[in-house]
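Below, in structure tokens: the form predicted alone, a single chain.
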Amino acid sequence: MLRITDVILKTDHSADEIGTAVLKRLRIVKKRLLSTKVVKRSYDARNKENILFVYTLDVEIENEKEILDKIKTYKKISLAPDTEYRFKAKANSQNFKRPVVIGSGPCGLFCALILAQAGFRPLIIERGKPVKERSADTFGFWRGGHFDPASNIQFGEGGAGTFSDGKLNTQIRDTENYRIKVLNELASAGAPDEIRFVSKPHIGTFRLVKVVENIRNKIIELGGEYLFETQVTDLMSENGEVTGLVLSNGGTIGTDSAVLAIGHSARDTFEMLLNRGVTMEPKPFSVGFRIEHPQELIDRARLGKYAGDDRFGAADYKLVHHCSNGRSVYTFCMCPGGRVVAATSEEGCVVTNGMSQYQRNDVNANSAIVVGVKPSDFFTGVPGGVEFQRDIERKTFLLGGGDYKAPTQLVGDFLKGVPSASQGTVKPSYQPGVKWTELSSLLPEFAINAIREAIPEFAKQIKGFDMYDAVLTGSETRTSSPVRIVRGDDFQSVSVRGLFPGGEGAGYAGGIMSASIDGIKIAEAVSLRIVNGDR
């Protein structure tokens, strides 16, 4: 199999033109071309009057050796890499203590899947509900119903990423093709097949629910087991080794391999681990607001005359500005054609996030617009970041009226420093509802000043980004974990052997894909430890 990169075609190209481009690049006749597979498809929009598709293709041809012998004379052609996933270790007996995975977000889900596929029959403990029940609770809260601290956008099967845009791109280095393993498993579980090759794959909330269920069923078929609505309340250890876990139902589970895939909002679990002497450290995170624009404005700015063209879908953006006060402002978790959602996991707090469905066909685009926060900003050690976040969330709750409505302001009024009384042309999408006000009291002065400086700068890249009627909704605080649970090169806690911290909650990932990959790496480390008897 040969790999051909940078095959550039017009937006209205036919399927036959892909084959013609392959024949021309390889300098062969049609009968020698046996198969063509799209590995990656992106588009080049630098010239908005002539957007082009860019392909990477794997092709099979007759007499491949002829080309391999003189491949250096060909442009952008190489031998296709081997991307098959290979397990680092498989169970060679049933004589082992069952590994336990705490949490079933992307990290826990893929850790459990790999352990199950390798024959280790993992036990998955999830404090929240199964994904379908959890979804009913979450959507019910958004419609003005009861808030459940144990079943919400943060807690429950699938993790926080279930209620998001379902983005699957990542910037981490991946020399072992873990990303392809993740995409293949997701597609096999019901995600759109195109996630295997589009440059910015996404799934969307409704489809993610079914995908998560299907992966759970696969894990169970392979010998795994789930305990839902069960929280790990304490850690048992002897001589610096994990021996078991105490559960919220009063029971205990004996294990010498426990994976901490707890997510970035498991604040009570952070406290428990700290009290048990697990080495942790404060880490940077970001805080800010959600900003909403009409999706058509973003489409015009990014795609020009191709705005609204189904071949490109809803346009996105990713922006950063380094401010005069030394802070950086950036957009995060941009949701094309999506909505702003209520994302608190604690009573008396308001937290925002964004999500999109697969079609990305809602009227507004939204993104977090956030400012970096350093541990030196809160000075109080490991718990300080949590309290910093919580203080903003409580103030946001009160400013919104104390009933889980979110405080909201027009961008134009925010830049002028005056309160807003009502919406303009952009209707805020946040549920359970909004209260028009002034947001500057919610964040530290350095953050407000930085965001006010950044918005006009972003408008130089996205025309209309600073439109007066665009909407800011407070507050975005859960961009990442405020702590890192320190681990060594073997993925185990540096203070408790057999404890494997991973994913976003432990400070080692920042999105669905990176968390999933971290889960796979941890599963491999657990597998090797069990097989090698490394106790």
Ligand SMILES: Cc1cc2nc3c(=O)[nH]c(=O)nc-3n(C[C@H](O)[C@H](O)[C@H](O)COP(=O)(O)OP(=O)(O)OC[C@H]3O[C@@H](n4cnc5c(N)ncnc54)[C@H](O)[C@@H]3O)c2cc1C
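Numbering starts at 1 and runs along the sequence shown. Quick caveat, the model's predicted, so the values are computed rather than measured.
The same protein also exists as the form predicted in complex with the ligand; that form is not shown, yet it is the one meant from here on.
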{"item": "Per-stretch contact check against the ligand in the predicted complex, the hit in 277-285, 119-127, 422-430, 403-411 (non-hydrogen atom, 4.5 angstroms)", "value": "119-127"}
{"item": "Partner-contacting position among 218, 300, 395, 167 - heavy atom within 4.5 Å of the ligand in the predicted complex", "value": "167"}
{"item": "Interface residue in the predicted complex among 99, 161, 337, 385, criterion: non-hydrogen atom within 4.5 angstroms of the ligand", "value": "161"}
{"item": "Non-hydrogen atom contact residue 366 with the ligand in the predicted complex at 4.5 angstroms", "value": "no"}
{"item": "Residue contact check: residue 266 to the ligand in the predicted complex, 4.5 Å heavy atom", "value": "yes"}
{"item": "Proximity of residue 505 to the ligand in the predicted complex, heavy atoms at 4.5 Å", "value": "yes"}
{"item": "Contact flag, residue 191 vs the ligand in the predicted complex, heavy atom cut 4.5 Å", "value": "no"}
{"item": "Residues of 322-357 having any heavy atom within 4.5 Å of the ligand in the predicted complex, listed in sequence order", "value": "333, 341, 353, 354"}
